[in-house]
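There is one chain below, alone, in structure tokens, taken in the form predicted on its own.
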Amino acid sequence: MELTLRQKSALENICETFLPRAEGWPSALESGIPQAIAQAMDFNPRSNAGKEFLQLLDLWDSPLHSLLTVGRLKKFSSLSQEDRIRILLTWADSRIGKRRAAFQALRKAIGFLYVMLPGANGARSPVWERLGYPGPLREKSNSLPRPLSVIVPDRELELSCEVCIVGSGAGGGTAAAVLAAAGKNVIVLEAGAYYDDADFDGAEFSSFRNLYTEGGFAATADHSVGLLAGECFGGTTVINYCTSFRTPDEIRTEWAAAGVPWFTSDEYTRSLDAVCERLHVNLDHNRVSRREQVLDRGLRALGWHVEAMPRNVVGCDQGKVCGYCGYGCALGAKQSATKTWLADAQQHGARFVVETRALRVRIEAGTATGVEARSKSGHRVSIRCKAVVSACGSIHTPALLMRSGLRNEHIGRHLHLHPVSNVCGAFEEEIRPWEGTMQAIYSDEHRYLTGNFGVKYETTALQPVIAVAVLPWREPVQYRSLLEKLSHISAIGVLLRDRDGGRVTIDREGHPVTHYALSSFDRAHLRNGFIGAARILEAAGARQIFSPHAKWCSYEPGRGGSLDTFTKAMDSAGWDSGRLALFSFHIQGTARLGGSPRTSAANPEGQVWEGRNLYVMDSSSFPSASGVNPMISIEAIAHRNAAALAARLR
């Protein structure tokens, strides 16, 4: 993104206010953050987002802005550091949601890049030195051959097949394997590029840029929830944390009642079994890291539920390398779609076209007959087929269906995110939370707060960018003091099963826009989860506990404050959009299956109500939130419905 001199100056001043130079610490400007933010805006395809960002920068240095926020008729660039901080905090604590959203977007972008960017000329970042963080695992080994063959269009292509699958992740990969094994001529379209073990060096900056949707900066329209999903060959299965829960029985019953009776059938159980067998789901790779020892001893001290996590790994390191799992498995231990289903599909003749985004499904006389797409290099790709499977995720599947002219009212609705955030505890012992098994144990102590709705307690490796995602910023000195404690911090993730959903729409250019806000019902459960996480940390011996609210909420057990004062501080800080940092790794439900077009977007076999031979086989098909990490459920649904599609095509 090109900035004017005025806009560039405004961005530099904002960044320097967040993170000025300090002894032993580089400033945001010295770290190259303003330029990196401008470049990162190019990952957001929505032109309106870029326009709003530039308008914000145009406003920022006007004297009127300073007058209205801190009562000083001076340019932001002419104010003292203290007054600049006051202006930022007026945005953080504003009653106006859009101002809070702008602050959160700036906080996350500046914080992410401060800990992600390498030093000058690719050297170690001085920030990593202050954190005690080792940085990337190794150099990339680009010379090694990759096991799968892919097509990267370098000219216009016209292809034909029986089934075109849009998306190569959990749903698309599974569907490709099942259909190809049934003798169907299959083409898989993937918007991202193909990376394999040798490419996974653990570098945060390049990993987010190469493997994640919008370079890791995707978020809801109001920036209240960050959206983390894969955009690479293999989709989110390449970067997820290997957690492999089967669809819970109570969720199967709930989904069957929504008009899909086979969810409670032996047929679906067999699909779950087949998926777990192909992914080698096991409990043999659950070495508890120092980070999770905190969770374990806190839960046991309270007498709460704790259990080993099922994981889809073979030969997992469960040590230093494992902590980098969210950037792709360098060992090849993670049984992602590229290691399993896509490999199976290739053996049966499937073709893979990568770096190519589907624009629309071609529908003729009410029947899907092909897909129109465009490669990253701008080449048109046209695929003629007998059936189309949309498996590009719960944000892009509804957008694709809407761009293709479908108008069912449930397309894009019922968006569930499993909003998650961390309550953090600082300990006297060194934890090095970026190391160890990603997720070895969990707790369902509060899974059923109201009926089937509640929270799960899980942890994750706290790579610096994951830690910064939820780190409150009130002023630079305190922020950096928290960063310096990272090697002694463990965090409890509170994963909410949300009852009330949001929505995906498309803008004028056809790009998806995600709208979401927690209902009062779901906020109450999240609040209970935060209190529960604090209790776990206190029972485990934390010296300081703090929440991810925009306002500072913390206490020091036995020395300063209490769980009661902490709870009151969180309630005062608020639970509305932009009041606390939330993220989603589990995006679900925007083209749900059901028994009628009055209640759903697709029938029980995944065929959309408005188009013959057009199917949905990804997390968007969930009738409601799964309540557990969704990979196994996605694959089992795709396994069952792809087999049914193969039989119909026969």
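Residue positions are given as counts along the sequence shown, with the first one as 1. Predicted, not measured: the structure shown is a model, and the values here were computed from it.
The protein also exists as the form predicted in complex with a small molecule; that form is not presented, and the subsequent description refers to it.
Single option in 469, 495, 423, 239 placed near the small molecule in the model of the complex, where near means a heavy atom within 4.5 Å: By the 4.5 Å criterion, the partner-contacting residue is 239.
Of 212, 530, 546, 457, the one that lies within 4.5 Å of the small molecule in the model of the complex (heavy atoms): Looking at the other structure, the residue within range turns out to be 212.
All of 232, 243 and 619 with a heavy atom within 4.5 Å of the small molecule in the model of the complex: Yes.
is_contact(residue 419, the small molecule) in the model of the complex, heavy atom dist at most 4.5 Å: Contact with the small molecule, no.
Distance check, residue 630 to the small molecule in the model of the complex, heavy atom within 4.5 Å: Within the cut-off, so yes.
Distance check, residue 615 to the small molecule in the model of the complex, heavy atom within 4.5 Å: No, residue 615 stays farther than 4.5 Å from the small molecule in the model of the complex.
In the model of the complex, residue 398 touching the small molecule (heavy atom, 4.5 Å): Contact check for residue 398: no, nothing within 4.5 Å of the small molecule in the model of the complex.
Candidate stretches 112-120, 283-291, 354-362, 218-226 - the one whose heavy atoms come within 4.5 Å of the small molecule in the model of the complex: Heavy-atom contact with the partner occurs in 354-362.
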